[in-house]
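Single chain ahead, written as structure tokens, the form predicted on its own.
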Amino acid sequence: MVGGPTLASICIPHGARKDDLKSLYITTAIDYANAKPHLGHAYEKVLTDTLARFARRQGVRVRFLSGLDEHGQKVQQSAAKTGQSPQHFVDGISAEFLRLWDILKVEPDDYLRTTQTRHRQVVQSALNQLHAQGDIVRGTFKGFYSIRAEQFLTEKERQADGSWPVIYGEVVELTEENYFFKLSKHQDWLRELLTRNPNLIFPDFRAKEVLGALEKPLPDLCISRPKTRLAWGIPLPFDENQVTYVWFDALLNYVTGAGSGQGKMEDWQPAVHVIGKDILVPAHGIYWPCMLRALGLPVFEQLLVHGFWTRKSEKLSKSTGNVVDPELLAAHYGADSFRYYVLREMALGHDADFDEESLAARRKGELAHELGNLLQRAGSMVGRYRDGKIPTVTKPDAVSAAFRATVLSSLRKWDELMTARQIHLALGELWKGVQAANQMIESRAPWKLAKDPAQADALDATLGDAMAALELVLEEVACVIPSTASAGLRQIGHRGDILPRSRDWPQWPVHQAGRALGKIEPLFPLLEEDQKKTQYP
């Protein structure tokens, strides 16, 4: 199964069985366990969590996998520098990542660590299968090796002056016996596959990068390291003196986590893999589809490739001090404000520049003044003029009809753009409904209507329509700001849980009439002017 996107607009028909529903297996990259999480890690996980929540809202049955890549030479070296065993070191790193995901309400169905027994069994089973098939063979490597990138290099990676690019760090010359995966035998198949299936990689210009890499012959992939050089890894089942190359180990996490999560090959379901552009070539775009083919498994459904976050147009880097701590930002502005900002600011597939002032402005403007203020104003007036119960709209007039049409149109465009992976634009469309509601309240001035008994129907229409628009918007934006949306729904008398859409979505709510509101409180309390800011200018 290859090609088209999984996140199609699918709603649950009344009476449908669970087995009849479309399913989505969506994964993040598994983060490398050699340092604490940064902005790029946080964006990718928030993005994937949002897509998973959105799909569930559409009635799709979802399995969302994330995890941690814990083997390899860099982990072994990082652990040694701290005086810890590799296992103790990665246990600490795992706790850092899981704490951040809890703060940001990133809620995968499964979190896989590559040191787990279930994963080791899958890797060794795959290695045995490929070795028995003749797809893994022993050979001698002589050449250059990048310790930082944990990969062998060829002359084409050298710069014009003969030096190695700084991204490779220390490069050493090696001669050693290793095992090789016959990557080259799949090159023509992969080129044809990507040419035939333009939707296999999103955005499509990323597919051209992979095709460009396939213009030259692929060397076979060295998939092992001698234990004398690297002890921290999964041993080859057919050679106890060698361990598995970290990428060959890590990519198989998607198989381990599929279905029941117990590492059964038959559980494999073509997945949507959400990854950064830095691991597209060669890992996910070349190694992974070839590995799947050699194992007799269907290729993934799609690679969803996001860009990098920069700061003042420079790449974020610990070495330059140009870093952004997502945990500090969530603590200062709120987790949902952080989630909203990163998804509103970055066009999926492209780079984006982090700016704390923009984050603060979006929180204060779109979130607090537009969405939060709408709920607070409308809710307060329902309390004041209608005893805290949503009024029945018995005579919707022309103004009401036009307003409803505007909000429903914004919802349809939101759905269309979310399905097309244009989340930043989708949020802009959804906010048109919020803005229309605020404008409707301003133009109809319910505080004036309340003074004239003859305008009771118009007052009911104004307040009832505002409450209905809030419910429609909050139910949709819950995939982006889950905690705030649930809190807002409870304030307007909703249970606060987000269920799949009905078959006839979007329709104007008619079930709210007479419902008692909860306590109306600010969704995004204004920050104290003298509250200490984070360190980012």
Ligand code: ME8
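Note that the structure is predicted; figures quoted are calculated from it, not measured. We number the residues from 1 along the sequence you see.
Missing here is the form predicted in complex with the named molecule; even so, the following discussion is about that form.
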Does each of Leu47, Phe54 and Arg344 have at least one heavy atom within 4.5 Å of the named molecule in the predicted complex? no
So which of Pro500, Gly40, Pro509, Pro482 gets a non-hydrogen atom within 4.5 Å of the named molecule in the predicted complex? Gly40
Using a 4.5 Å heavy atom cut-off, which residue among Pro203, Gly259, Gly307, Pro270 comes into contact with the named molecule in the predicted complex? Gly307
Partner proximity in the predicted complex: Leu367 to the named molecule, non-hydrogen atom cutoff 4.5 Å: no
With the cut-off set at 4.5 Å between non-hydrogen atoms, does Asp278 touch the named molecule in the predicted complex? yes
Is His186 a contact residue for the named molecule in the predicted complex, using a 4.5 Å heavy atom cut-off? no
Considering only heavy atoms, tell me if Phe181 and the named molecule come within 4.5 Å of each other in the predicted complex. no
For the chain shown here without its partner, which stretch in 458-466, 251-259, 81-89, 336-344 has non-hydrogen atoms within 4.5 angstroms of the named molecule in the predicted complex? 251-259
Which residues, if any, of 25-43 lie within 4.5 Å of the named molecule in the predicted complex when only heavy atoms count? Ala29, Ile30, Asp31, Tyr32, His38, Gly40, His41
